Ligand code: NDP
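Okay, so here's just one chain, in structure tokens, the form predicted on its own.
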């Protein structure tokens, strides 16, 4: 007779938790996964997938405007928010069903209730208790809203996907991925958008030239971008809101959205009572194999606050299951993880920024190109693309690759393989370009610029 009810109990059925559950089950483990919100987690329901669908919609207005330069005459263009949200909801429901079938077909038991940890081997779900040999915490992250007076009148990305109607005037507070993306989404859908960031330049952590290029294009598109600016108080005005800023000026809008970061969603799980160490931000502290301070309790994904990206959580989930249930120790290499901000235009990067490369290598070579994409020579749109290569002078290895421009994410995904394989600038130069494309710039840049 088995000592425990399950070999593995997973708390959280997001991308990482689902992957870990399925891989563990494929290796013969008896697995249960508890989820109290929605299958697929943040990415599928209020993150990557619905966000990208809204990005596609917001880009359509620009495509319609561009069409005249190519000989197309388009009549009155109308946008209906409720149609977009309804279609988005239908697609998310389809994906929820796929996640359910994946788990069920793998033999994983799904428990759609909140689970908490009683002790290292006991899980409480409602009035039931289950015992388990291993516990995997995969509860993701949650939007952070500062304690600003009137913050209860604000929304976050969680609510933005479910608004009854699209606000005509929007204030976006924050300068990370989510803030920049939603500023572009609302603006592309026809709203008047003001974005506020408390620092001198948003998208901290990305290359400075790329950040500057995105900011310049957003301003060119008509977004009211304000740096070194923050909200000190929010007041309700009839059906809208008024934001009082740190320079004593005011902004009136129909909605104010906070995109000021996300924190590990670990509160109230019983982790600390079970002996699991958390850091100051509430993240589960783990080793390279995702093992916590309690030997049989592991954690993956956003709740560990390593790299908050869905593909990273999926990789961590698989590595955990291989390590624990297949006796195949596997850890994740967090070097050269590609990333994309689906801004207008998008920014994508892999490897080090110029600032990071200077600090690590000292002597670097920098190549940068800025140009109007071929499409816009006829569309009439005043938009420029920027591409940048950073090379370690000593080894000739390309250690950073950055792009701001159309299809940046698709282009950087391919180059990420080359960077991961340690490609050199000489090998880039020896690669024949596909012409005419924007991506060919990465293999035709020859003139160095002076590092910043």
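Residue numbers count along the first chain shown, from 1. Quick caveat: nothing in here was measured; it's all calculated off a predicted structure.
This protein has a second form, the form predicted together with this ligand, left out of what is shown; the following refers to that one.
This ligand in the predicted bound form comes within 4.5 Å of no heavy atom belonging to residue 184. None of the heavy atoms of residue 372 is located within 4.5 Å of this ligand in the predicted bound form. In the predicted bound form, residue 309 approaches this ligand with a heavy atom inside 4.5 Å. Taking the partner from the other structure, this ligand in the predicted bound form has a heavy atom within 4.5 Å of a heavy atom of residue 51. Proximity to this ligand in the predicted bound form, defined as a heavy atom within 4.5 Å, holds among 260, 194, 353, 132 only for 260. Note on the partner interface in the predicted bound form: the residue among 140, 174, 345, 317 having a heavy atom within 4.5 angstroms of this ligand is 174. Stretch 334-342 is the contacting one of 75-83, 334-342, 215-223, 358-366, since its residues have non-hydrogen atoms within 4.5 Å of this ligand in the predicted bound form. Not one of 383, 404 and 436 is positioned with any heavy atom within 4.5 Å of this ligand in the predicted bound form.
Shown without its partner, the chain has 230 as the single residue in segment 215-237 with a non-hydrogen atom within 4.5 angstroms of this ligand in the predicted bound form.
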